[in-house]
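Take a look at this single chain, the form predicted alone, given in structure tokens.
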């Protein structure tokens, strides 16, 4: 069986995660070159079969590279993807593709016109619990879906310097939820009504011109709704829950906890806290998404999370921001590519 040879761009948190997962878990791929202009690898860190270079374009153009993983900072994603497309190499890119709708649409069109496979890192699509929930919806187990509720709360507020460059809560954080609403229901978002505030720390507003807490209502194209609540700080852990309510029943996906023990005593019923960070909660999904990308290339199939999906999620994020600013529901059809 052929093994796909990959170039990994970026050795930040996600780059290291992908490197470890591919080298330890992938049956269909291996990394042959890593590129990061700022990273200082330890002696022998990559081993003799992996080259390390400073220039990402050198890694993309490497003659042994079949496909590219982009895990660089957000503001470099578009440039890296364009270079991979120019070399005709399939590319996996962490979300978002770009903070600009126009740029996102242009890259999606470029990849399509060149016939280059482009997959986006919407990792929650590859979480086993969410996959099972989606399958149950597709099989009609709860009938027509009326309401989807998505809870997405981080355990800790990121540093203000990060928030300044993140693109804002809706683009950096809620974008996963916009994609999840489409993934679970199989429907498209047509309208967004969003409210947000800096309830955790006023510096989020004054120092980063951002919000840390939001409530969002999505109207889907069949008249059903998705309700999203976001917070940058849940003191009890990484709060990731999903509820799908339909005419014939309901599906709930609860938090993953450190253990499943339940202890009862005179003081009450005690459960373990949710896992504290996304690398723990979505450890399996990060393995699954890269393996899905690899198998997509090897089998000549379409990626399961495309640039078109990224464009739809980005449109919803832009609409959410406008809705919050104008205090009204905003239809996606109102949003231009400027």
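Positions refer to the first chain, counted from 1. Since we're looking at a predicted model, the values are computed, not measured.
One more form of this protein exists, namely the form predicted together with another copy of the chain; it is left out here, but the text below deals with it.
Would 129, 214 and 245 all count as contacting another copy of the chain in the predicted bound form, using a 4.5 Å heavy atom cut-off?
All three within 4.5 Å in the predicted bound form.
Given the stretches 263-271, 94-102, 112-120, 75-83, which is the single one in contact with another copy of the chain in the predicted bound form, using a heavy atom cutoff of 4.5 Å?
Contact-bearing stretch, as computed: 263-271.
Quick one: is residue 236 in contact with another copy of the chain in the predicted bound form, heavy atoms, 4.5 Å cut-off?
Close contact exists here: in the predicted bound form, residue 236 approaches another copy of the chain to within 4.5 Å, heavy atoms only.
Going by a heavy atom distance of 4.5 Å, is residue 153 a contact of another copy of the chain in the predicted bound form?
Yes, residue 153 is a contact residue.
Considering only heavy atoms, tell me if residue 203 and another copy of the chain come within 4.5 Å of each other in the predicted bound form.
Contact with another copy of the chain, no.
Is residue 168 one of the residues lying within 4.5 Å of another copy of the chain in the predicted bound form, judged by heavy atom distances?
Flag for residue 168 set to no.
Note that another copy of the chain is not shown here; using its position in the predicted bound form, name the residues of 225-256 with a heavy atom within 4.5 Å of it, in sequence order.
The stretch touches the partner through 225, 226, 227, 229, 231, 233, 234, 235, 236, 239, 241, 243, 245, 247, 248, 249, 250, 251, 252, 253, 254, 255, 256.
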